[in-house]
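Next up: the same protein chain in two forms, each one alone, written as structure tokens (structure 1, then structure 2).
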Structure 1
């Protein structure tokens, strides 16, 4: 009926809406107040008395205009007026004007409504057809076929995740030669779940599989399937798999699988929509044969909240962990991302990798890019070590906000606060070495004291965590001792210290309450009270947490008091130079520190 490509434009919809509005208005305005209805006998007696001036006869309905001008309405007996032609003649002789209309004569407006009604139905029908066939642009699959971007991405572009690469290698072999696998009856996983924190290269790894196997890569994200309208997500999933089946073999990538694959349950509307989408995904994954050449790769950071049905055999039955890179991995990633950048000869990437523990692949890529931008800004052709270090600080601590206007008192507060942190950190044997202290606002903080571990840390000792709490308390203590004040600036420190203490008590078994788990829950910081925990135990947990934080506070107070000179000297220097690096801090402490055994608050 309509050409396939026809799509109602916005103007078209506006025109339809205006036409409908006009029709309704006209209908309403035409509907004059209904005339009074009188009995037929009264009409006859009116005629007798010569009281009628005009009639409009429509079938058996008679609209009577009286001599007075009043309009009334009556019904004649069936066929009365036409059968009794004499009556009409008699009326005419009395000077009554008679206008006869047929009952089937619809008003113009009637035709108008009819035409518009039909048009409306046609448009509705076409829209519904397009919705159900998924042809309305908003409902189409949002998958993006990324052959061009994938072309050229190979395993050589992914570093630091060697185990994960090893695990997915056989998928590449399968995609290259599916027949070799089916010949010996081998079954390749239909779905692979890449698990790891953001920025560790999950998408990159999936792309490199497609690139190595030279097959199309269909990219989609779990959040693309989460919509308000029931059925839309499911229809997009259908479309995605339909697109995939057009290729002899391909990779479907679903980023953020948890957006659509959360455990089912609940009864709200959005739950229903998500369940429908998830069910569709399960149906589609069951719908293709293992050796059809389609491999679904999904990425998530939270495998624990995925619906168990997704992880069953035949679906995402293989999980590959993509973790943060280690020292060697970081160096390799830096090397990959520095390929297109001219580096000065003295740059030691191993050294940079050492100073970036905990950085993800994306952070490192960002670092290289920032360094290149800094070089460009300085109108240099090559990137220097200094650029890389500046870039690292930017990625680590946020962008400097030199434009933030601080009052002199705020600067002094900040200088003493940061010096408090720094001196406590410098004096505690179990703390990470200091990297930088600054009172230039960065990100959301007014000042930053940055420590960098010497190597990658995977576990923490009790002493390390206690030192961490004491360092966090150092800022508040210095403000109290030197400026006799408390400010809101310590709010974040206090929150972090309490979190560490709570985890020590509830998760790590590092308190008098013993090695028991006192809270449940998924994420590290959002645990709840463990089920069945008594009120008395909860109270003891709170006491232990308080005890740990207060001990940290006492340690910090002892150190700041004994090292008053160091704190004062550092704060004064910071007010002049704004930042001190590791060497500067070392020299300062060496000059001013009181050589005394480090005193720790006793439990």
Structure 2
């Protein structure tokens, strides 16, 4: 019923009982019937008739007890009884008992209620103090210490980031055998910052450190130190390091460091609490307090916004980059995640890894899980290659939307559009190999032409980028040549082609403007159209961008016009089967293609 840290004591239950008793008493008193009030003239008439046996006078208020035992109330004129002292004498002569009270006596009940309320608050406060042992829960540190359940991951469960793993292995070795390093004057790094895109395994790497290191591992999140009350975050930082100093060696892990380590500055008062927390963290990591044997490991995907004081040597001595895995790393990650999944014997994980360029570790884990779910839906006991390929297509291109009703005209337009992309991609020598063409709506697209590179690409040549522009233009060209129309379906293709061309001109130096970088504005709120360049240069940039896009357009037109039979045959095939894989595309183009050398169109 109650959390483990807050068990009610006997004093608490006594306080609750007193509060209930007070509440019941007040309710009963409120529900008591209102007294009967009579005019003062009726009271005087009862006195003359001898129908009054007793009076209780409180100021000008008179409680009358009649001879029949009935109790009524009346109100005398101001100072009537005190001025007319003879009235009391006459009443006494008639045998009426008179009881005079002061007006302050009823206030005793109010004072009693106040004292009772204060007593209740004191009892409740003492109870809470005893329960929390004098600590305020809001100021308590939210850090937790890893146990066997939390730290059930070791270095064997981490793959694809071999260099980063070697860096953190050294930290674990130092904490296990500090004398081996200190014998030659080496000192342990105070902090290690794990930097990388989301999903690359930064937190998993930290969990593996907790599993490997035989030292206490305290972990927390940057958001745990951000509170609306001033000083709370700094207090939690102090408490975290105080707990760490109780151990000879200890590791502190802070996930999402950018939540608390954002660069200081600005006039906003809302940043005051966060800056106080950051200042306390800076002092704890490299201040006068001894931190021997304490290593702080933090993770972030926004190193550009961190405060420079955090990144200097003495605080975070090392920055370990945890990037997307390469082909070998992706295969290792797939093998790790496939240990708990029943796979078919004919599955080639190397082939699956080759078809997932740019995937992070989280993406690959999601791929294996999606494949297992697909197998369960199909009521199979093992995961097949088909399941993995369907899961990959789902992650890359989105979920099939077979419920989307397309008209026949839209299906024909989509078929010729995707056929134009596919034929141009198949015949350009510098393009990536085709993997699949489909006119089944996926995600936000009505059709998809998917290419998969033979290996990881870290740089791109000019010929490759120009081929990409031509492939993007292939869909619009096919619509124009075969259907004599233009549709909005090519809008995203045109946007992507223009973006590639602009980056070639402004960032990569792949134009007649030479190897110069041109800034084209930082965002939609920039007042200038082209920051960092003159109007004349901006005009030349636009001309170069247009020339690159139109060159790709003419290349696509040349290929589609030459290979009309291939485009038409593929479109007709897609209207029947809706999807073509790589083998089907190769067979179809080999049957209908016109053998002719294809070169990029010249301006």
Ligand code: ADP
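Since the model is a prediction, treat every value here as computed from it, not as a measurement. Numbering follows the first chain given and starts at 1. C-alpha atoms forming the largest set that superposes within 1.5 Å between two forms make up the rigid core.
One of the two isolated chains is the form predicted together with the named molecule, namely structure 1. For residue 482, the Cα coordinates differ by under 2 angstroms between the two structures after the core has been superposed. Relative to the superposed core, residue 456 undergoes a Cα shift smaller than 2 Å between the two structures. Taking 2 Å as the criterion, residue 491 does not count as shifted between the two structures: its C-alpha moves by less than this amount when the rigid core is aligned. Core-superposed comparison between the two structures: residue 53 shows a Cα shift of 32.0 Å. Core-superposed comparison between the two structures: residue 315 shows a Cα shift of 3.9 Å.
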